[in-house]
Every structure is written in structure tokens, then in C-alpha cells.
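Okay, so here's just one chain, in C-alpha cells, the form predicted alone.
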Amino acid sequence: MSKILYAFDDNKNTNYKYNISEDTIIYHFSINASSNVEINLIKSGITLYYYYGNINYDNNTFKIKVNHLKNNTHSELFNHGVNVFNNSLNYYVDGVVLKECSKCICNQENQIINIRNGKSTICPNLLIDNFDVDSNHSAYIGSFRDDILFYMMSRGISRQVAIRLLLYGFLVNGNDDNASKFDKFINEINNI
């Protein structure tokens, strides 16, 4: 059984520091906020799942650094943001594995959807100092694909509702079981 943590930022800049010593899932949601997150994996054999959903209206930056400080640690980061206006949203995502830490898994998936002509940046960094590590990263900045919107609209769904459904799936990551923990965030999706 994994420990579950929640973080929510609303129009504020927040710093978080976690020292993780057991399997953990973190759900972090923000509305128009900048965050600086540091996570230290301090016990061998643990797994971290980190889900970040972000709705951005101004110029904001999200920084996260995951430090693998022991052997056989595993991190999976899923960072999804929506840049609503013609502003900037920046992600700086670092996965760090020390030389003495082997058999680690360090993965990250980063995506930003620009609703209009926003200026978004994703800098995925894997700072790996050990050869016995499995690590991957991805970065996507763009919009929802036209063929997906066309398909939904051909089934009688309006463009506005189709975008809202895609935003919900993209930002909430299927965490419907925990929806009551972040009602304000879900309501904000409906306001986009």
C-alpha cells in the first residue's frame, strides 16, 4: 500500500521538500501558481509516482528535482500543464541519480497544451552518474490534435465540450477516485 500525499497551489508561489522513505504517490495541482519541488528518495527499494496538473493564466514556472539517494529507487513523474493565454509556462524537471546509486529507474513525462499562442518551455534533465540505471524523459508542447477534436465533434460533441473533456482527462490523469480532494481545480477546468 502506497502513502498518498496531496498539494494544491492557488495563485501563490510555493516551495515543497519531501524526504520519501516509503512507496508514495503525490498528487499536486496548481492554478496560476509557480512551484519549486525537491524530492529525496532516501530508502532503497521505494517507488514514487508524482502527478502534477497545472492551469496557467500568467507567467509561471514549475521546478521539480528528484534525487535518487539510495540504490534500487524508482521515480515516475507525470507533469501536465495547460497554458490558457498568450503568456509563458516553464517546466524545469531534473532527475538525479548519484554515482553510488545503482539499479534505479528515473522516468519523466512532461506535456504542456497551449490553448492560444502561449510561450511554453520544458527542460527535462536527467543527471545520471551511474551506468546501471534505466531513465527516460519526454517533452511535448502544442495543442490537442485536430483529428481527435474532429472525431469527437463527428459524434455530436461540441468543440467546447470536447476540449473540456480532453482537458479533464489530461489534467486529472484518471484520478477520479480522489476528485473530492481537488474540487476547486476541477471547477477551474470547467471555466477554461
Partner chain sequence: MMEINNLDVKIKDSEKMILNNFSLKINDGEVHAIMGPNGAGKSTLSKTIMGHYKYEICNGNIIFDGNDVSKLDVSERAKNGIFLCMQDPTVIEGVSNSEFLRTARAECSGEKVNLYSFIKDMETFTKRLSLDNNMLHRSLNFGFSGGEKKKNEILQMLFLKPKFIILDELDSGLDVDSLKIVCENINEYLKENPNVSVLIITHYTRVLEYIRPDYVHVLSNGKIQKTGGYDLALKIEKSGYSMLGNDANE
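Positions refer to the first chain, counted from 1. The shown structure was predicted, so the numbers you read here are calculated from the model rather than taken from an experiment.
Only in words, not in the display: the form predicted in complex with its partner chain, which the text now covers.
Student: Within 4.5 Å, heavy atoms only, which of Val37, Ile128, Met152, Ile31 is in contact with its partner chain in the model of the complex?
Tutor: Of the listed residues, the single hit is Met152.
Student: Only one of Ile157, Ile42, Ala139, Val133 comes within 4.5 Å of its partner chain in the model of the complex by heavy atoms, so just point that one out.
Tutor: It is Ile157 that has a heavy atom within 4.5 Å of the partner.
Student: Within 4.5 Å of its partner chain in the model of the complex: all of Lys3, Ala7 and Ile20, by heavy atom?
Tutor: So, no: the whole triplet misses its partner chain.
Student: Could you tell me which of 161-169, 47-55, 23-31, 61-69 sits within 4.5 Å of its partner chain in the model of the complex, going by non-hydrogen atoms?
Tutor: Heavy atoms within 4.5 Å of its partner chain in the model of the complex occur in 161-169.
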